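Here we start with a single chain on its own, the form predicted on its own, put down as structure tokens.
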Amino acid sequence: MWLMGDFSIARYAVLPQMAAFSLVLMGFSMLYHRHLNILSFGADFAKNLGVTGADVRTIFWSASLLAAVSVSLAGVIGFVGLIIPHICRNIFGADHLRLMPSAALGGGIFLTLCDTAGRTVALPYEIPAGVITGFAGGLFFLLLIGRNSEE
């Protein structure tokens, strides 16, 4: 079940500590929003504008720890980190000061909807949230490929 990503295996007793840790990491990551904006233009450009290797390592570690906290609670739930940031970037723009919190909130809403769908579609059985997100991710990327092939 851990490999499919399912909220029924989540350990809710550790949720307050993990939420606090995640909020601290998210706040820490928000301090580097300008660095992330600059990195969007490429490594050489960022280096010329003063983004150091230490900055990149700090961003990498905070993002890795945020992902580890999420995966440790509910297992591997695919496509959320690929779908939601793309949608949020189209809605809110590329500025990471708005993009990071909107993607986090959008990811939570998306996972809630997927978990609810998994619990109600095939009653009395439950479909893991990872299966629903995988289905949604497949459809999303098929639409993205279809849209790009028309251009």
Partner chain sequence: MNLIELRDVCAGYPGADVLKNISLSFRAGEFTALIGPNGAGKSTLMKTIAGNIIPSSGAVSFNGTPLCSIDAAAFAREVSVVHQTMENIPPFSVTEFVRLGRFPHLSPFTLETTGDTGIIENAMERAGVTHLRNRILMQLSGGELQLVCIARALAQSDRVILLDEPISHLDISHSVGVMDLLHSLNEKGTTVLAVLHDINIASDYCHRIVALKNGEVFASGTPAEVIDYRIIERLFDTVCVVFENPITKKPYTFPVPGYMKSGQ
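Numbering follows the first chain given and starts at 1. Predicted model, so just to flag it, every value in this text is computed and none were measured.
Below, we refer to the form predicted in complex with its partner chain, which is not included among the displayed structures.
Note on the partner interface in the predicted bound form: the residue among I109, A67, L123, A43 having a heavy atom within 4.5 angstroms of its partner chain is A43. A single residue from the set A54, L105, A94, L82 has any heavy atom within 4.5 angstroms of its partner chain in the predicted bound form; that residue is A94.
Under a 4.5 angstroms non-hydrogen atom cutoff, its partner chain in the predicted bound form lacks M100 among its neighbouring residues. Although the partner is absent here, K47 lies within 4.5 Å of its partner chain in the predicted bound form, judged by heavy atoms. In the predicted bound form, its partner chain sits beyond 4.5 Å of every heavy atom of R119. Within this chain, T58 is remote from the site of its partner chain in the predicted bound form, having no heavy atom within 4.5 Å.
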